[in-house]
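What follows is one chain in structure tokens, specifically the form predicted on its own.
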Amino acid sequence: MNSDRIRLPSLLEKVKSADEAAALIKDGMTVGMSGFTRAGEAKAVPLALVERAKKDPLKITLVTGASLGNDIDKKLTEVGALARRLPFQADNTLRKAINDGQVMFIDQHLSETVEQMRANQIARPDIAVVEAVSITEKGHIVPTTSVGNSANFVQFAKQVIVEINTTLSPELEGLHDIYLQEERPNRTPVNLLKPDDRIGTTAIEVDPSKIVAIVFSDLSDSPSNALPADSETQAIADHLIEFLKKEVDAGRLPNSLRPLQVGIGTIANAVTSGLVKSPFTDLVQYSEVLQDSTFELLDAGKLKFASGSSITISAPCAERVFGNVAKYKDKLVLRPQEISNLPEIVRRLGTISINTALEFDIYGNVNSTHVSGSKMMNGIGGSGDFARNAQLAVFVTKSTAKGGAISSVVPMVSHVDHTGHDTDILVTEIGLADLRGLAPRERARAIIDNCVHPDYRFALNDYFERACAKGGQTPHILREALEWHINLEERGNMLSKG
């Protein structure tokens, strides 16, 4: 069994228990770990580290591709093992520790983490812990369901721990396209011209002498926690599909559209699933996370090819996909996130970017990360990499939250992740606002008329009209601009009055 998964004989002597491997991680280290949105994270080693930290406390800086599954962030937080975390997370326990100031969280555009490591602007990993499906005859590492930052961590780290996941088929080998950028300023252009181009290797190249431990694991990825579509997300999908039809009719898009990027989460995934019943054909994806909707579109014959950095899917979808890898393998590729999210490629391919907003304001500024301006939710992720560079930057959200106590459209966002300069299309279940070519006052009119829930439309109209009377290119009444958020904080409803 070991020789099937470890094809370089000299590495067989590196097989260790998870406890032995975890002992190599020391207090104060920076640890680079595989994992991108609940997919392909190392599992046995970090869980062994949790058990060790219960008896022998330590603190590490943990750097990944994106969020982790199997409650790893939660368990590391509970034993006090995280001093610093970047560039993304999605765990309730860790989120509370971040907002309480117990864990320092660095929220980054996902394309930038390894760029900053490469330039020695942030610490490189002392040790990398990377999940693999196998190790090749040359000692190179074949990733599992994500690439993320793994290839760069292996390159930068002094030591490498490989965790081989035996629940996944060795047939995954060949799915990946590992391409690393050169040092600046002598970097050559990335010669990726189409989403289905392959420009790298199928495994992560590494000097086998850097591998200090190999651990076998039979722990599966956590399934996606995206919820099924509901009437509101279906309405959002319908508005967006109708808009895209008009773009095709106007000659601004072909019937195959442009490469699609879809952010993680229930709303964006459900919106993309809506394309199954659309008139569009021969679609392609150039995205980060390949979700259930990717495979719905593939199975329906709507999608030709999907490029991403991870596969994050529900348990039934995983059974279908990983139980029949051969069916999908020639239609998929997984890349390092510095390539899947590379702004130059995103702009050159002309992607249609669909991401989720927490809130947006009447001028099109978007908050993706902070509840009421202060409390971190998950992080900006890759939405900024795509939104600023996409041919069409689309943000979607339901018009209200918390039973109507919160309006997702506000006079002024409480935190800005994407400025109005970078947003083209805003969609709620109420309707769609096309902001292209509009000045701020025109944007406000389009947003209020098309996206705002009726319960909040009068109040927003009133605010906007009084702000316009006051004057300005982007009219605001500063005393009132964040009043809705203050009402929510003090009284539990944005329109409550004292």
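Residue positions are given as counts along the sequence shown, with the first one as 1. Values in this document were obtained by computation on a predicted structure and should not be read as measured data.
Omitted from view is the form predicted together with another copy of the chain, to which the following refers.
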query: Region of this chain that lies against another copy of the chain in the predicted complex, out of 445-453, 429-437, 63-71, 46-54 [heavy atom, 4.5 Å]; finding: 429-437
query: In the predicted complex, residue 104 touching another copy of the chain (heavy atom, 4.5 Å); finding: yes
query: Residue 344, heavy atom within 4.5 angstroms of another copy of the chain in the predicted complex; finding: yes
query: Contact test in the predicted complex: residue 163 vs another copy of the chain, heavy atoms, 4.5 Å; finding: no
query: Close approach of residue 173 to another copy of the chain in the predicted complex, 4.5 Å, heavy atom; finding: no
query: Every residue of 191, 373 and 470 near another copy of the chain in the predicted complex, heavy atom within 4.5 Å; finding: yes
query: Answer option from 122, 325, 241, 406, heavy atom within 4.5 Å of another copy of the chain in the predicted complex; finding: 122
query: Option touching another copy of the chain, based on a heavy atom within 4.5 Å in the predicted complex, out of 210, 252, 277, 331; finding: 252
query: Residues within 4.5 Å of another copy of the chain in the predicted complex, restricted to 413-427 and counted by heavy atom; finding: 414, 416, 417, 419, 421, 422
